[in-house]
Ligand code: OAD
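Quick setup: one chain, the form predicted on its own, written in structure tokens, and binding and motion questions come after.
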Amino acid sequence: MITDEIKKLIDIAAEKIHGASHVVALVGAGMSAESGIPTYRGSGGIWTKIGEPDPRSFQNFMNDPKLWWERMLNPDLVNEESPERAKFTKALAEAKPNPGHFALVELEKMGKLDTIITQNVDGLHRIAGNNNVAEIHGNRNYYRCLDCSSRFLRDEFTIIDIPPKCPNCQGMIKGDGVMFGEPIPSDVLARCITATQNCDAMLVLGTSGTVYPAASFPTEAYMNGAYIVEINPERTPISDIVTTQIAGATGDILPLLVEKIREMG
């Protein structure tokens, strides 16, 4: 329900975003949940149900990449071992962008959004139409070279050898999704840090504020004097430092925020 108080907060946020020069959106699992993708943690989260991945996942991959790829190329085996994971994978594959995603597309087209830093791997921002997206945890629709960081659409990449080799440098290819124990790809991390340091306003959208390094970005932006607006149904550890906190779903609030900004010309 959009109360009068929420409308006032939207007006305040719209004015601040409209007047900002460099706006960054930090997006978490809450936005994807509004597209039907279960969260990882919390009630109903996939890891709550089946347990968190092995913290040595990346090490295990590096120790035996061939085994990992054999499992990757045999999804029926993985689905049989974990029906809950199969449901999660199906939800990812079938998810569509929601009104919150499309609102960010409009904000980018209006020249009012520089960069989206997303913690989600579903690729929905790109599918919706955003161009300036930094996927700090990777994108499930891509493969990535561990040596040169080249990325390839899964549907367009031909696998000949297992593990496959990068056509650009012959490095080893893995899924673009960042595993437990795997460093954030340096090119993406550098882009996120630069965007955070340069922003004078940040939208914090549907993130729990507990997963680092992304959870540190709002605090860093705040310390640099940026205006911070958080849109989330519940308070988070970030709520204490934000300038404006709007309680609600991103799919409900963002379209109203963008409409207000559009009216300002």
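The first residue of the shown sequence is 1; numbering continues from there. Since this is a predicted model, take the numbers as computed values, not measurements.
The following text describes the form predicted in complex with the named molecule, which does not appear among the structures shown.
Chemist: Of the options Asn198, Thr236, Asn60, Thr219, which one has a non-hydrogen atom that comes within 4.5 Å of the named molecule in the predicted complex?
Modeler: It is Thr236 that has a heavy atom within 4.5 Å of the partner.
Chemist: Exactly one residue in Lys112, His137, Lys165, Arg151 has a non-hydrogen atom within 4.5 Å of the named molecule in the predicted complex; which is it?
Modeler: Here the answer is residue option His137.
Chemist: I'd like to know if Trp69 sits close to the named molecule in the predicted complex, meaning any non-hydrogen atom pair within 4.5 angstroms.
Modeler: No, Trp69 stays farther than 4.5 Å from the named molecule in the predicted complex.
Chemist: Considering only heavy atoms, tell me if Val178 and the named molecule come within 4.5 Å of each other in the predicted complex.
Modeler: Yes, Val178 is a contact residue.
Chemist: Could you confirm whether Gly248 comes within 4.5 Å of the named molecule in the predicted complex, counting heavy atoms only?
Modeler: Yes, Gly248 is a contact residue.
Chemist: Though only this chain appears here, would Arg41 touch the named molecule in the predicted complex if you measure heavy atom gaps against 4.5 Å?
Modeler: Taking the distances in the predicted complex, the answer for Arg41 is yes, it comes within 4.5 Å of the named molecule.
Chemist: At 4.5 Å, heavy atom to heavy atom, what parts of 188-209 sit next to the named molecule in the predicted complex? List them in sequence order, or say none.
Modeler: Stretch hits, in order: Gly206, Thr207, Ser208, Gly209.
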